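Listed next as structure tokens: two forms of one protein chain, kept apart as structure 1 and structure 2.
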Structure 1
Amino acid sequence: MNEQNNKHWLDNPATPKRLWLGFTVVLALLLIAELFVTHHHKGFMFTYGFSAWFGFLVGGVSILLSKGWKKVLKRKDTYYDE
């Protein structure tokens, strides 16, 4: 196998930027799409854009929470062997 074949499109340094761009477009499309659907249920959780900001919030909080958790309860991975 030569160097040429080893190069994968994901290894291209421009790829992460393009993926972010594509991802942002998808997120925007999802917000637009919600304008055209009718919710079957009523309530705060079915107001426009709820799922978007709730998902974002949960993502952020989960990571902060696990970081804090880890800070307190982190041990060497040989902890139990001693």
Structure 2
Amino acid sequence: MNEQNNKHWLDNPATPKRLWLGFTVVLALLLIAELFVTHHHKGFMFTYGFSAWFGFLVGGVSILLSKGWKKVLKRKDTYYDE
């Protein structure tokens, strides 16, 4: 076996683009499918596309919080060498 055959599928440079495309298609299909769902409850949680925008909002907030934590917890590269 050569090294090319042992390469993991996540190491392929085209994989992130394919994953983004796949997730975007799934999201679009779910938004289209939600047009055919009848919500029997009232409230903002049952509005059209709630799961999509709420997930996007929570993901964005998580990224911002992680950047803040990075500044608090980050150590120098030589921290364990000292």
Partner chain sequence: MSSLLLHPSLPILIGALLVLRLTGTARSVVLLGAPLISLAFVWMTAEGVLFSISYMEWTLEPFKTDKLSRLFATVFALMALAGNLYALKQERVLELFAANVYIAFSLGVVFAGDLITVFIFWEMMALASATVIFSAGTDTARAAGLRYLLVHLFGGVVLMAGIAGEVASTGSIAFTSMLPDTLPRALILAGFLLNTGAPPFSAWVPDSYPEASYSGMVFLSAFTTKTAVYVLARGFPGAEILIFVGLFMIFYGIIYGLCENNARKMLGYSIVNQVGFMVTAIGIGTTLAINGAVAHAFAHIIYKALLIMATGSVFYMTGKRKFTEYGGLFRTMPLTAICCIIGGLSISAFPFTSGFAAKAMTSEAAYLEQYYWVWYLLAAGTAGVFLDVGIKLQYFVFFGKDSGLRPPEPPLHMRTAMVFFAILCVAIGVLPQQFYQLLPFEQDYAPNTPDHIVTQFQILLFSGAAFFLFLKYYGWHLVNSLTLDFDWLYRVLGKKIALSLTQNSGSARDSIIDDLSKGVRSTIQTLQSRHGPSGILGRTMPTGRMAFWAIVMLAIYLLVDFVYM
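No experiment lies behind these values; they were computed from the predicted model shown. Between two forms, the rigid core is the largest collection of C-alphas that superpose within 1.5 Å. Numbering runs along the sequence of structure 1, starting at 1.
K.L.:
1 or 2: which is the form predicted in complex with its partner chain?
P.N.:
That would be structure 1.
K.L.:
How about G59 - superposed on the rigid core, does its CA move between structure 1 and structure 2 by 2 Å or more?
P.N.:
After core superposition, the displacement of the G59 C-alpha between structure 1 and structure 2 stays below 2 Å, so no.
K.L.:
If we fit on the core, is the Cα of G68 displaced 2 Å or more between structure 1 and structure 2?
P.N.:
No, shifts by less than 2 Å.
K.L.:
With both forms put on the same core, how far apart in Å are the CA positions of K17 between structure 1 and structure 2?
P.N.:
Comparing between structure 1 and structure 2 after core fitting, K17 shifts 2.5 Å at its C-alpha.
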